[in-house]
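First comes one chain, alone, set out as structure tokens in the form predicted on its own.
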């Protein structure tokens, strides 16, 4: 009754009630392991996350395990929960977080770190790993940000590196065995560290040089010197959900999603995802079509999205669309193809997309000049951009969104001006076409994010632009835009600084995260909640300088905080690519020629075709 009363006082109570179609309910007295799968952001964001959908299905396919969902409550709900002593709970059972054997977080972006702490605290679970002495309430984490897990090691007992469809069941089975044996936490952690892809930070000691850089990372108790990520070799045989939990309210991506491949052939030097998901492995068109159709039938969704890092690079895209279009058109299902490449967007592809979708198109030139596009290895030309827009305009489109980055290594003010110049050329192109959409004006939206150097990219060695540099470049871009038909959105420089620190931070940053959370920081990825002043206070109180992590150039032989994490990408390769960037020399994509990144160690995917 207390919860019912509270839900009348908050916005969007459907976030907190559970009971959705597709939710898995089990008898908790008949399961051996209870797993709380937490997404440290709002329900609408978490319910859109494909990785959570996949692993929720994987874990619940085990008869002896029950996986339930937990999301970070919005501020209005959290206030009422704390006021009425209601702990954070799982949506399936309503049981509080502290009732679970394992509490798992997916960590897709750095700005959710304070929310991880807030979820644990709100659920009645000690925030620091050292304060959780028993085997129960084991806190684990996985996802893209665990490629550098060091800022979170104070709070997380173990990390799952890479893809979890096989690794998570192995870990749950190991936990089940140790739970039956009555093992203590440390005994289990030592055993878990033997699983490929599991990193137990308490088994490693980090020492530092006088200048603050990492001196050595030393394993103990038989832990491996380096921990290699896990990958799925055959996506056709990999577990994929035949059903999704269907929410009661609109979520960010409220549709069926079919993953068609993992990895990316391109090697853009700023893009972390393009490196950490290597090697490229494709799902067959036949399997992808069957899975997508099954999902739409089971969920009732009338929108379907094909998911990958670059959909038009999928080698079987024409075959897949030929299989999908007949039934999607018949059932009036909207088919969406995000992440389209500028240099392979064809009339034929547009025709297939336009038959089911008629909204604006989004492309990512990333830089305003050819010199800088070569430096970042984007491998597209200005003519590619204009040809693509011409195809789109002649196909009936009148709105284009262009993504760029600001603060890229080697960038000059001429490159910034080039962003405005390119947008103006798109405007001029539209009005030069005789067969453009009649009676419609063109709009070009520029989204310009601040570059953030990330681990396991060639630019992991590069400094981020400081506040003054970013502000000067943002002003210059605005001054260079002359048409009202061009709109521009820019990112908050304070958010970008904190993200850069968390991305390349070491273990000393953990105290800053904790201090910022204690000061009230949470939902840092949301503009209305981000409080830069509190973060600055946290850095000052902890004696940690953010400039050291964000604005400092790293030497190629410096030991990185993530040096003991092996994602199959060699450091020497990343250094070579960074050197090529400073010469504005691009590298062919993986299908054209192997660049020797190191992912051949997995012996899977495109590496077997080109090497």
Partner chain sequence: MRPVRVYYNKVGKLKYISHLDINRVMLRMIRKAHINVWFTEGFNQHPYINFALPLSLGFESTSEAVDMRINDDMTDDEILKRLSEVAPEGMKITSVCEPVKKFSEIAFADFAITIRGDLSDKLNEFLAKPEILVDKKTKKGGVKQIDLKEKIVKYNVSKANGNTRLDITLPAGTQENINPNLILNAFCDDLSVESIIRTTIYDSEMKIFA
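All figures in this text were calculated on a predicted structure; none of them were measured in a lab. Positions refer to the first chain, counted from 1.
Below, we turn to the form predicted together with the partner chain, even though it does not appear here.
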{"query": "Whether 14, 17 and 297 all lie within 4.5 angstroms of the partner chain in the predicted bound form by heavy atom", "finding": "yes"}
{"query": "The partner chain in the predicted bound form: contacting segment from 250-258, 419-427, 304-312, 155-163, heavy atom within 4.5 Å", "finding": "250-258"}
{"query": "One residue of 331, 133, 84, 412 in contact with the partner chain, assessed in the predicted bound form (non-hydrogen atom, 4.5 angstroms)", "finding": "331"}
{"query": "Any non-hydrogen atom of residue 21 within 4.5 angstroms of the partner chain in the predicted bound form", "finding": "yes"}
{"query": "Any non-hydrogen atom of residue 246 within 4.5 angstroms of the partner chain in the predicted bound form", "finding": "yes"}
{"query": "is_contact(residue 5, the partner chain) in the predicted bound form, heavy atom dist at most 4.5 Å", "finding": "yes"}
